[in-house]
Ligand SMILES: Cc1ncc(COP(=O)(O)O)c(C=O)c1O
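Here you get one chain, nothing else, as structure tokens; it is the form predicted alone.
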Amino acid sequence: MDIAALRAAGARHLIQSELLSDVVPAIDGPVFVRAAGAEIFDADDRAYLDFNSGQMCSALGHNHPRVTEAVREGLGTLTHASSVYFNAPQLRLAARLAETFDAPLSRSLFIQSGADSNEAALLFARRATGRTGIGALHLSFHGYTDVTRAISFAAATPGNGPAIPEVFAIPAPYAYRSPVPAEGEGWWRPLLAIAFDLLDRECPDNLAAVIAEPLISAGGVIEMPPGYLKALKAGLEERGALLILDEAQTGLGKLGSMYAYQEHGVAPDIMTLSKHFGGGLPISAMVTTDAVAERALAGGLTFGHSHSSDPIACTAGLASLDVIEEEDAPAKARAIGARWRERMEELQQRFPMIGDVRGRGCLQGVELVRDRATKEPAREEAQEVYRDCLKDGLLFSARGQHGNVLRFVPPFCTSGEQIDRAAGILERALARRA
């Protein structure tokens, strides 16, 4: 394999707009050729611990045999079918997925990506309520299409054109950098009161929904404080609006329960799923209640794409659910999260650069600062740590509003030895800057 020639072809023919291109451009990074479990290998057969789970889509582990075998069999049966009519894998997946929900969630729409499912969620919320206003947390990320970019305030940058109308930012309850003292159980209540005051003034009697992640991921691995989502839902109900939870990165076992909303004691009106739902293949779902679906469809709403509910994608989704339930992925996430947190807290005791350690299960964050008292973000240092870890064989990502939060998303199959090895690589990178 002539990697130099392939790189040259990439430089000539690919549009290089990849994430983290300002840290390590793709053209200068590894060229991946194969993967297995929690490791991925480049063209030089060098192994990397993948603590980003691909693009968070390989949380079951790369090339999980159950998914691979199901897809191989499906390719010989029904690769593609018209999205106008039902296909058998689609019907089986809808019934199987419904078994994992709490009432009143019951109906699903299958598409391709997280952005697709969030666009569908906004459309259904607007049609179901007859309103247009959408609220989103100011550190949210929900996709990179025009519609979802407009509600992804964590990724908002100049030069991307105008946002879609009737979208409003509300403050996220970011305990480590809160504008109000983050003390006591209800410290976040003033922020939520401000959020509703803003929404009442910006879109009076026109609020359709608020969309939120149960744990903000790209915005900095920020946990929703206990009680926040329940109070948010109550405030929305008072206004005749809906709660949309984007569980792309938190659902299907990732945080230690089947869905993150279950840990908060609140059921959303609409939920979206994607990422590892397809075991590495592209499939997403918008999930809602009978009542919301019926109201949204009453006016003749249609939604879908050429590859919506593709049989192969639905087959992968079915196999993924088998793996998640039969291998008890939530329990694995809890064990991985506990061991990783222990290692990170040990490093926090040694390195003042670590200002905060947070997250749950297989979604963890380490925020780097130049001074713990001032909490000045250590963006450049985070980039240097990222580069060093990449060289030493550890993949993760640097996220957050300042680019100073190291986000780790190890697959469910990650072993204790691999956790310790990854922590050792990070430790060496931090030690170079101590």
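All residue numbers are counted from 1 along the displayed sequence. All values derive from a computational prediction rather than experimental measurement.
Quick note: we don't show the form predicted together with the ligand, though the next part is all about it.
Between the options S108, Q90, S257, S113, the residue in contact with the ligand in the predicted complex by a heavy atom within 4.5 angstroms is S113.
A heavy atom within 4.5 Å of the ligand in the predicted complex is found for one listed residue only; from P330, G143, P225, G355, this is G143.
Taken together, the three residues E213, D246 and Q249 all lie with some non-hydrogen atom within 4.5 angstroms of the ligand in the predicted complex.
At least one heavy atom of N118 is located within 4.5 Å of the ligand in the predicted complex. The stretch among 71 to 79, 187 to 195, 313 to 321, 134 to 142 whose residues place heavy atoms within 4.5 Å of the ligand in the predicted complex is 134 to 142.
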